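This document starts with one chain, in the form predicted on its own, laid out as structure tokens.
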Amino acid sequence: MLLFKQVPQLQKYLDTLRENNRNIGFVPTMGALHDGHLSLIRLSKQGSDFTLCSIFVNPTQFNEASDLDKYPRTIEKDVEMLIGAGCDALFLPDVNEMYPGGSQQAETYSFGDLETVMEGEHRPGHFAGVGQVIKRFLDIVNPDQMYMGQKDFQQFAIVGDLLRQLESKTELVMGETRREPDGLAMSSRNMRLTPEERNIAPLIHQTLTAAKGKVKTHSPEQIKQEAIRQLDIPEFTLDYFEIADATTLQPITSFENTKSAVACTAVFLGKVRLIDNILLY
């Protein structure tokens, strides 16, 4: 696997690939890799000629400096996992390489109603940071395909909107959420859970699965309230549980006029914030 840390060297190599008519698949990550990330690598290897992964812990999308400091960094293990998955190249920039003029000078974008609900409501400024770093990656890599996971459903919608705003030719491809055997969505944050918290965490997916099973018999509001009651245990602090239109991400009051709906939730389990979702139909 090739390793690049500077933009010019990476771009020179990618230009050579394009000259040979090879299309480029890109998987942006913040490291602390797990099989969810590797499933995106595998998806890229199926759909693209060349697979590039990035590892960059983007400071502009963290609301709390303490959360940024606590974010796990396991680069040696990550490299081994990428090699094992057959990744072709890794882009490992530092902050100065990504934001040579400082992050304050990076372009910002508005995502309208997509960024005012759920994660946007509880983490103001988060999606502005996501937009900044993805725009920078698009400028550097200009991939033919970009692969991102369903677990960050709202982020996927935001990036899709960014690509539309930019009139980008990059195709955004969603990979399904990878889960542990007990249903917990794979996440870099899971390693921060205590053993006791880890035993409780699958309740999140159980609640989402139960919500999906009630679509034909309950209203969105009834499903929401039952889910909130199910998550109302001392170990959890609920940020939100929403039933939303899967395209607009706006809360819905009826399933009748919605082509596709999604249930999304975020909870604190101890000091660890976990998010998950499920497509209802």
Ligand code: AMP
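The model shown is predicted, which means the values in this text are computed figures rather than measured ones. Residue positions are given as counts along the sequence shown, with the first one as 1.
Omitted from view is the form predicted in complex with adenosine monophosphate, to which the following refers.
In the predicted bound form, adenosine monophosphate lies within 4.5 Å of some heavy atom of Met30. Though the partner is left out of this view, Pro220 does not reach within 4.5 Å of adenosine monophosphate in the predicted bound form, counting heavy atoms only.
Adenosine monophosphate in the predicted bound form comes within 4.5 Å of a heavy atom belonging to Lys151. Though the partner is left out of this view, Glu80 does not reach within 4.5 Å of adenosine monophosphate in the predicted bound form, counting heavy atoms only. Figure note: of the listed segments 87 to 95, 142 to 150, 104 to 112, 202 to 210, the one touching adenosine monophosphate in the predicted bound form, with heavy atoms no more than 4.5 Å away, is 142 to 150. With the partner omitted here, the residue from Asp161, Glu171, Glu197, Glu176 that has a non-hydrogen atom within 4.5 angstroms of adenosine monophosphate in the predicted bound form is Glu176. Among His34, Lys70, Lys214, Lys45, the residue placing a heavy atom within 4.5 Å of adenosine monophosphate in the predicted bound form is His34.
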